[in-house]
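First comes one chain, alone, set out as structure tokens in the form predicted on its own.
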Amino acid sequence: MTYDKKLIIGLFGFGVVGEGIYRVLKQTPTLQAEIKRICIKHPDKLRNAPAELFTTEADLLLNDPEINVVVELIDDAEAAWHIVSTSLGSGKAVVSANKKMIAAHLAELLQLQDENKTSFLYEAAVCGSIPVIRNLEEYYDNDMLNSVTGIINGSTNYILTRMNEDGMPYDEALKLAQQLGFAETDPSLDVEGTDAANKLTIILNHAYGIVSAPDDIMCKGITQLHPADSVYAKEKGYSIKLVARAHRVNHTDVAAYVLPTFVGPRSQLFNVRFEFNGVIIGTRLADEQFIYGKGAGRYPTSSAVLSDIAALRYGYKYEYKKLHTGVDYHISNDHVLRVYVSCENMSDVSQNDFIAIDETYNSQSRKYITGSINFDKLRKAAWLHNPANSVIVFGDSGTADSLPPESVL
């Protein structure tokens, strides 16, 4: 779909981002975009916009033939799916920031776009203002990607920064993140790594043409980390980050996971602190590229949404070129990671699961093991889910401190 007329927008949601979009569009006539109606959930709430713009009836937007763009900015993933699927089905272009909905319905969304020949853009769903999706779609469309590695959840990065640098206990760091608005009242999606897994699902599609579900990605958050882990990290010169990583194991296999990671000073991720995000794109020809910025919040998210709206002026749509390269990439669990496991008792961890053990340490308060383990063995290990154990990947296997083996180039 191309636009030779004004963009008439139906907006779902009028929180901090929705209001920001409304204000910027009013102040930027060059975008030639106008919000016709806004669907909200709570009609009695005072809002800084004319009352006649608001409705609680979604169908007034979805069935309005004058509205040619729907901007979806709500928290409810299932309601968002209804809004987006209905809009695409009726030929309306859609802009969304709902990574949970996109990750859960990725295959269906691809089919809807193809059948209805319309645009569905969602840069804001992954890392806010950092243009990860557009870069993977356009700049890296012909360059063989070795890896995409990133800190893609600002809430956990803020908490870990406070824990690592200030020695703050997890509960105290989480409370501070909530007070500052970096973490939700229910932070489980962030701290358990689910949010990062949703984003990595989307990244996998644009990086390698892999259509997967979040459940296909091994995911561990930061709730099992122990204060002794931060002590170990400082002694070794590491910083602990929650890292999402996808990297080629060979010509068709891609490893994908979200795990706490020891990041060394050679990695650009080492200095990504507080609520900031950072993504390293490792390529065959261009080596490594680093993108850094705020991944959430009113202004970063609004920036990405506005960029997508502006792109609709010239009919931009994702081409999903990686789906049509002739190379069938898929997620593989057959690769090796080097890990650190800390525990209360050595008997809590089966050392027979390791390919090789580099070091063991015993003290009265805490024990740890470092060594190499097959990813599939780690994924299936019962001790991985013991709340008394923490598992952290070493940066030489979990970040861009090292490139993939020569054999994959």
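Counting begins at 1, following the sequence as shown. Everything numeric in this text was worked out from a predicted model, so none of it was measured.
Note that the form predicted together with a small molecule isn't included here; everything after this is about it.
Enquirer: Hey, of 341 to 349, 40 to 48, 63 to 71, 371 to 379, which bit sits against the small molecule in the model of the complex at 4.5 Å between non-hydrogen atoms?
Expert: Contact-bearing stretch, as computed: 40 to 48.
Enquirer: Heavy atom within 4.5 Å of the small molecule in the model of the complex: which of Asp75, Asp334, Glu115, Glu235?
Expert: Going through each option in turn, the one that passes is Asp75.
Enquirer: To verify the annotation, which of these, Gly297, Gly293, Gly264, Gly209, has a non-hydrogen atom within 4.5 Å of the small molecule in the model of the complex?
Expert: None of the other options qualify; the answer is Gly297.
Enquirer: Kindly confirm or deny that Gln111, Thr201 and Tyr329 each have some heavy atom within 4.5 angstroms of the small molecule in the model of the complex.
Expert: Looking in the model of the complex, the three residues Gln111, Thr201 and Tyr329 all stay beyond 4.5 Å of the small molecule (heavy atoms).
Enquirer: Would you please decide whether Val24 lies within 4.5 angstroms of the small molecule in the model of the complex, comparing each non-hydrogen atom pair?
Expert: Judged by the heavy-atom cut-off of 4.5 Å, Val24 is well away from the small molecule in the model of the complex.
Enquirer: Is Gly18 a contact residue for the small molecule in the model of the complex, using a 4.5 Å heavy atom cut-off?
Expert: Yes, contact at 4.5 Å.
Enquirer: Is there a non-hydrogen atom of Ser155 within 4.5 angstroms of a non-hydrogen atom of the small molecule in the model of the complex?
Expert: Answer no; every heavy atom of Ser155 is more than 4.5 Å from the small molecule in the model of the complex.
Enquirer: Would Glu172 count as a contact of the small molecule in the model of the complex, using a 4.5 angstroms cut-off between non-hydrogen atoms?
Expert: Judged by the heavy-atom cut-off of 4.5 Å, Glu172 is well away from the small molecule in the model of the complex.
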